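Listed next as structure tokens is one chain, alone, in the form predicted alone.
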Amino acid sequence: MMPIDTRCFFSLDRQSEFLSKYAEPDRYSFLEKFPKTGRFIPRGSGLSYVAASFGKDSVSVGFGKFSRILEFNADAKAPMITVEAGITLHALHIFLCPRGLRVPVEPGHPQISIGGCIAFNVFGKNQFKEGLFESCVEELEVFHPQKGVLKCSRAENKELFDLTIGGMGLTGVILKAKLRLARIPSPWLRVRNISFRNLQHMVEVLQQVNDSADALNTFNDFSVFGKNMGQGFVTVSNFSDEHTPAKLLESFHSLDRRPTQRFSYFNALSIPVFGFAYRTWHTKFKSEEKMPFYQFNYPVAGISFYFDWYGKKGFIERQILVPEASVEKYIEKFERLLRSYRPQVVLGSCKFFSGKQRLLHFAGRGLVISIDVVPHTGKAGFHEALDALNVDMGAIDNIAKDSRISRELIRREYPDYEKVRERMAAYDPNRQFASALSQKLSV
């Protein structure tokens, strides 16, 4: 086995922290020496909001050195690329964008690995049209010490393919992935910011522009508890007709670091000021702008300081998918909870979702509401009350976002919870791959 040391790992939201054993192989010969007993968990860039790539009883196996492009097919009708799972979105950006290509579904920070995208079946700028990351995965190669190297796709070993995508790294080490690529219509986008008065008005605006936009998201200010609660703006992005070359994202600040200050810059006084300034800047001074593709594709790359500003106590992110038929009633009850408990919500955002929920994938048709909350603020019991509302209204929480999420909550929200447990038990009865997250959820 490769050399093992001990490191302190923490989740991006700073709510989970463990001393964990760590190994970082740099060649495929490690597969021959991989122990057939013990507990392990793959680790890509280690940027999950939750404790998905470490645990006190598991060895985290880092795959950052497995980051090669193995095969590239620029076929005009069906461009494909095969990569090692440790490669980052940024490395693919540098390779693909000059060729007018992109990975169709990408989260907002370029440091994330392809293996991480697969493990949580992430979504990108327009899930309503593009779906989840699984939509661009054609084939996988997975290693399990009891089973060896296994190839899987929708046509071969489909059960393993389904368990691995969105499987939180629990089926083994993803070695390679073959991905379907998409053309970049233009290196530039036209971006408009449209104001709305409250959440009800926001839904109306989203409905008006959803079908014509290449991407949609909102900024919501939840520091105001009157009739304008949730006021903000919808950001509508469309690829332009301009083909003047745009710059690539050459560098960015890593998210894999501890905050430099002890205390949070966000509090009951600063949050309303932040919300007002952010809304005013984007609706009065930047209501329309031309944006290079990289800035649109990786909006978090330029604001990594945002996570540091929460200080050492971090934050709690709630990302909730509300069924389409329940959106109006849910908003009413959600607003009531905010007014009653008054948590300090720094950032709120919403977008439409499509698709069908299955297994433990964060998917379905409806409205996604995301909030970043300063821990231990407002009246006690807010998160528990929000949990109860979600169960009552048929909403689901994103397992990849909320460190405080419990086994019981996921069991009640996700109809396929027991099915996933049964399939995992049949595939790996000894649970050789496990993280702090999977053990908490008993997956």
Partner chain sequence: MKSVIIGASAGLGRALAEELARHGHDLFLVASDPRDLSAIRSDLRIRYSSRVEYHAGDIRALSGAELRSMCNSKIGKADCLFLVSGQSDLDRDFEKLSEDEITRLVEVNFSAPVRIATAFLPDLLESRNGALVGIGSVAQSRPRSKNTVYAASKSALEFFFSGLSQRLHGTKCRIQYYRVGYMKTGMTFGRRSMVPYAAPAKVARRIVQGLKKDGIGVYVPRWWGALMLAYKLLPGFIFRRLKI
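Positions refer to the first chain, counted from 1. Model, not experiment: these values are computed from the prediction.
Form predicted in complex with the partner chain: not shown, discussed below.
Enquirer: Could you tell me which one of N398, S67, N390, T377 places a heavy atom within 4.5 Å of the partner chain in the predicted bound form?
Expert: It is S67.
Enquirer: Among F72, F225, Y265, Y278, which has at least one heavy atom within 4.5 Å of the partner chain in the predicted bound form?
Expert: For this set of options, the contacting one is F72.
Enquirer: Where, among 404-412, 378-386, 47-55, 30-38, do residues come within 4.5 Å of the partner chain in the predicted bound form by heavy atom distance?
Expert: Result of the contact check: 30-38.
Enquirer: Even though the partner isn't displayed, in the predicted bound form is E418 close enough to the partner chain, meaning a heavy atom within 4.5 Å?
Expert: No, no contact at 4.5 Å.
Enquirer: Residue-level question: is F18 within 4.5 Å of the partner chain in the predicted bound form, judged on heavy atoms?
Expert: Contact with the partner chain, no.
Enquirer: Quick one: is F10 in contact with the partner chain in the predicted bound form, heavy atoms, 4.5 Å cut-off?
Expert: Result no; F10 lies far from the partner chain in the predicted bound form.
Enquirer: Even though the partner isn't displayed, in the predicted bound form is A23 close enough to the partner chain, meaning a heavy atom within 4.5 Å?
Expert: Close contact exists here: in the predicted bound form, A23 approaches the partner chain to within 4.5 Å, heavy atoms only.
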